[in-house]
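In the block that follows, a single chain appears as structure tokens, in the form predicted alone.
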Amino acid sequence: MAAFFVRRTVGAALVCVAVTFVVFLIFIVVPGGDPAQRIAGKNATQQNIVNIRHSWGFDQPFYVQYWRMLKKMFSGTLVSYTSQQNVIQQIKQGMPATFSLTIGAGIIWLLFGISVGVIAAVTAGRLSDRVITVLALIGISMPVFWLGIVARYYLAEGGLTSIFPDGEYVPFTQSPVQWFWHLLLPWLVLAVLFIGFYGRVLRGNILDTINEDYVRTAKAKGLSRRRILLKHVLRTSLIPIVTLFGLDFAAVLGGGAILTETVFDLHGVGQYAAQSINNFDLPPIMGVTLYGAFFIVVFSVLVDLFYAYLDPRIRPT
């Protein structure tokens, strides 16, 4: 396992390096034209463009440009030329809200997704299974931004049915109760899509695994149905769920909850990315892209390690 961990860590580091080069190509090289003009923004003066061209090395060979891009990003000197604010600092300021939103919603969609999948599989073909299937399809079909707007309008904007605060983020250190209460509705809105999808995937996996030979052997040994379900069937069936959760959690943590953060005005990394895209502010977009890629790579490694724990057949030798 130690050798496997080292190999995956080295591979992850190489992937991160490759991602930085891809970001360099996509944002700097491929679009053509003057990259200094794109970075400077819409209302830049000629002197700003000249300064950016010199600072980023756009008058130098491409490897010098690539190195200076890396230096700016990883030394914390990457600056938005629209707002004149440090990109790394802005991402750090948005991380508590994004982490709070992602962790809370992730716990909800994982627990409820597994529960829904198990109940639907155990009662396959019955009325409860059909009801769960319909509700899951409805949850999958509802766009997050639409559900968020509707939920905020009816449940958080001061009407007769208003029971939640009207958006915004309250730091945990300021008030744990208000932190939880302000995030509860965004958690539920973000989790709805994943609950339905995870439930459907797990239901299918359980029904397929029940027919495996080792499950029949466990039944022949006289093991209880509960023990067979929890120890043999569910453990194997959770492997695809681990993959989905690792990648989905990393994507949301990396700024993928743009719509949820924007609807509820949470001032997280996702909302910062949305504002940067709206202003065509290139440095923040590049910074958020690398920030998101980092979490996806890290969670991919964690998923591979958890695979080995769940299924001994795929443990490296």
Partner chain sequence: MNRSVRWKRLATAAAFSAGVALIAAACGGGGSSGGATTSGGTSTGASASGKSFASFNIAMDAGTDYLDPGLSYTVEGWGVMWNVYLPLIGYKHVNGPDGATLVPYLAQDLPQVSSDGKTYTLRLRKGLKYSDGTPVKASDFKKTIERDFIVDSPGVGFFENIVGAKQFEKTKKGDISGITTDDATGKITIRLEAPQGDFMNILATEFAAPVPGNAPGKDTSTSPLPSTGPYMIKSYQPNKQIVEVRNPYFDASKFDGNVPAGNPDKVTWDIIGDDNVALQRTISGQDDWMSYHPIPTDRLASVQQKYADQLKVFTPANTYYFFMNTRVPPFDNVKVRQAVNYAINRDALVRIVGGLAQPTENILPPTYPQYEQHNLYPYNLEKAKRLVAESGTKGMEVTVWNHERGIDPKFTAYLTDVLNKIGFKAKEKIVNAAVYWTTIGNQATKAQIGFADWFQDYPHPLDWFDVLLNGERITQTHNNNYANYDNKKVNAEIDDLKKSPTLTPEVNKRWKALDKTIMQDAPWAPFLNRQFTDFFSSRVDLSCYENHVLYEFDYATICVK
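Fair warning: this is a prediction, and the values are worked out from it, not measured in the lab. Residue numbers count along the first chain shown, from 1. For the two forms, the rigid core is made up of the largest set of C-alpha atoms that agree within 1.5 Å on superposition.
From this point on, the text means the form predicted in complex with its partner chain, which you will not see here.
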- Can Met69 be called a contact residue for its partner chain in the model of the complex at 4.5 Å between heavy atoms? no
- in the model of the complex, does Val64 have a heavy atom within 4.5 Å of its partner chain? no
- Query: With the cut-off set at 4.5 Å between non-hydrogen atoms, does Gln60 touch its partner chain in the model of the complex?
  - Reply: no
- Message: Although the partner isn't part of this model, could you tell me whether Trp187 comes within 4.5 Å of its partner chain in the model of the complex, counting any heavy atom of the residue?
- Response: no
- Item | Stretch 87-104 - residues with a heavy atom within 4.5 Å of its partner chain in the model of the complex | Gln90, Gln93
- Ala273: Cα shift of 2 Å or greater between this form and the one not shown (core-aligned): no
- Take the rigid core as the frame of reference and indicate whether the C-alpha of Gly287 shifts by 2 Å or more between this form and the one not shown. no
- Once the core is aligned, please say if the CA of Trp56 is shifted by at least 2 angstroms between this form and the one not shown. yes
- Residue pair Gly41, Met95 - Cα distance in the model of the complex, closer or farther (3 Å or more): farther
- Closer or farther in the model of the complex, the Cα atoms of Ile277 and Asn48, when the shift from this form is 3 Å or more: farther
